[in-house]
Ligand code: F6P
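Below, in structure tokens: the form predicted on its own, a single chain.
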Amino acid sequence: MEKAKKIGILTAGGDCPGLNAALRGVGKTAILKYGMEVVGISSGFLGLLHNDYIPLDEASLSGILTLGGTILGTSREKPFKKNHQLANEKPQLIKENYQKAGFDCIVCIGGNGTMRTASLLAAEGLNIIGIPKTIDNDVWGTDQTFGFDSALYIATESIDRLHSTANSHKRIMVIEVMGHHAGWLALYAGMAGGGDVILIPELEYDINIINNYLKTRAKSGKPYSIVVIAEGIKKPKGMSAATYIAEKIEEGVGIETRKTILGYIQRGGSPTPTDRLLASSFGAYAVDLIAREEYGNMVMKKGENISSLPLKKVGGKLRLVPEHHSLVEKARGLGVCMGTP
């Protein structure tokens, strides 16, 4: 009989809701459907460097579907980082430890940085499968990453709550959400939460256009405004986006303006049902790829279908909001200010 495959799983990069659901999807499918041996790798790629492993059985994967965070822990270790003194040694050490552990494949769950590392490890000859996660929804090649829907729910609920205090005090409220390079979260949460101004990194904004828009709202009898911005919009170095925009608005409009930075609250807590389903589906499909020995691929969602594409096509790319994305156009049609003419 053919020897059962031994697979490793790791979670790398920032945490987000749905990681444990993905681990469960991989582990239970591997054990129950294919009879594979499953090993958890602690703290992302650090675990591969230090041989820090946790055997996973069905019992250890039970009860984690709804949990936030990751039972394996995570880190931002990047073994291929060029400016590190061990840049050449770390990939070699990972290869040696992979072989020593007897892995047939490693499932790497993470965002853009993780997919890039996974792609480079695959190029080194390791059997790798990638699963995309991030609240920013900016992994190239997939329509959606798990973690995004949960963060969207949290951000939208926060905006909902800020409407009442903005109205009570007749203030302008500036809400900063995550998104260094991509504005998916700000765009979706801003639209879902009824934002009056939405600023994303992909669209260059003019503060004068924003201020004139807010003045017009005030003169037309609208006593308060909600401004939703991504953290990665253009701003002075060393200053938060929310601080900069709030100061510029108060100075230019003359209405009391307050800022709220949601920060890490967007990444914590239990995943939404949508993220649980997506993470579970991604995990199960990843194991099907392993069973077929279709290595070097990342699981992806296209429309309603789960499929895959080569990791080498993903590494180093970002999925950004197009200038004329349908939701951007709908926002403009609803009278939302995007900071542009």
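Bear in mind the structure is a predicted one, so any value in this text is a computation, not a measurement. When you see a residue number, it is the position in the sequence shown, counting from 1.
This next part talks about the form predicted in complex with 6-O-phosphono-beta-D-fructofuranose (F6P), which is not shown.
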query: Interface segment, criterion being heavy atoms within 4.5 Å of 6-O-phosphono-beta-D-fructofuranose (F6P) in the model of the complex, picked from 166-174, 95-103, 132-140, 211-219; finding: 132-140
query: Residue among Gly195, Gly110, Gly147, Gly179 with a heavy atom within 4.5 Å of 6-O-phosphono-beta-D-fructofuranose (F6P) in the model of the complex; finding: Gly179
query: In the model of the complex, the residue from Lys235, Lys248, Arg76, Lys81 that sits within 4.5 Å of 6-O-phosphono-beta-D-fructofuranose (F6P) by heavy atoms; finding: Arg76
query: Proximity of Glu231 to 6-O-phosphono-beta-D-fructofuranose (F6P) in the model of the complex, heavy atoms at 4.5 Å; finding: yes
query: Partner proximity in the model of the complex: Arg267 to 6-O-phosphono-beta-D-fructofuranose (F6P), non-hydrogen atom cutoff 4.5 Å; finding: yes
